[in-house]
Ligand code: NDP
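One chain comes next, on its own, written as structure tokens: the form predicted alone.
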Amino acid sequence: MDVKKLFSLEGRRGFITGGAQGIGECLANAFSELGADVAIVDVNQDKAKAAAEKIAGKTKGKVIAYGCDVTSPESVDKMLAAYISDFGRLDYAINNAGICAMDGALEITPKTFESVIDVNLNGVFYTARAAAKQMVAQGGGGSIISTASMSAHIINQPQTIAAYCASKAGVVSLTKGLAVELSKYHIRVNCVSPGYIQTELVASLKDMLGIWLGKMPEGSRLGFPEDLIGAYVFLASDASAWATGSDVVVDGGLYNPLKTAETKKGRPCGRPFAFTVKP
């Protein structure tokens, strides 16, 4: 067995939504370094173009930017048509675009709630479906990878992000459903559930960083986008040929329902703690 070939992305072609910054940009750079052709897809086309030019200048690979609103099926179809014109075929699709709102459930407006669901869940469906249609049409299968979150498995505290948690839980279930439907076409559908990743947005929430770190297992740390590269490369390569419907949690050990040890703050790890009501 040629293990290097098993994990190789050489010659693979695909797109990454939300690719202009954060996790998406990191993945675009990594995939290009590993020999893949990369389309950076983002609602901010100028930012996507800047990221594409920077990565292409570094890796000398084929990296092209496309503007796209993932909440619009028409915009997604237009983007994919332009992509196929430039790249010819689609081997992988990473549905990574996402947003978060920290409005409490009692205060969040219907518009804000709907926008979170629209980008994080509907947008994943629209881009995954478009990718699947292309993969079926061209034959030969492919790999569809979506970015879910550990928030699909836990309810984050102290921030109030019920809408976000619901949207990401939907991504995990959507992934499993699509995996079953698309298996007969040899299309694998998986997702990655990152923990707290220090993107520019997360790093700006300085008051939260210490609290989140306090919930981590002793000796662990908050993550960086680079900590996720291995999971996405595995799922995009032939190394994951027998993996579909999987949700790969990469969170530094924060989500672990089997833990019995307590965190630094004395709360059980991975279990809901009970409130005692005095008589």
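The numbering used is simple: start at 1 and walk along the sequence shown. These numbers were taken from a predicted model, which means no experiment stands behind them.
There is another form of this protein, the form predicted in complex with the ligand, and it is not shown here; the text below is about that form.
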Any non-hydrogen atom of Y126 within 4.5 angstroms of the ligand in the predicted bound form:
no
Is Y83 near the ligand? Define near as a heavy atom within 4.5 Å, in the predicted bound form.
no
Evaluate N122 for contact with the ligand in the predicted bound form, applying a 4.5 angstroms cut-off between non-hydrogen atoms, and reply yes or no.
no
Would you check, heavy atoms only and a 4.5 Å threshold, whether K168 touches the ligand in the predicted bound form?
yes
Give a yes or no on whether each residue among Q21, T147 and V202 has a heavy atom within 4.5 Å of the ligand in the predicted bound form.
yes
Which of 183-191, 92-100, 132-140, 106-114 sits within 4.5 Å of the ligand in the predicted bound form, heavy atom basis:
92-100
Considering V43, L34, A56, V233, which brings a non-hydrogen atom within 4.5 Å of the ligand in the predicted bound form?
V43
L178, A163, I197, M79 - the one with a heavy atom within 4.5 Å of the ligand in the predicted bound form
I197
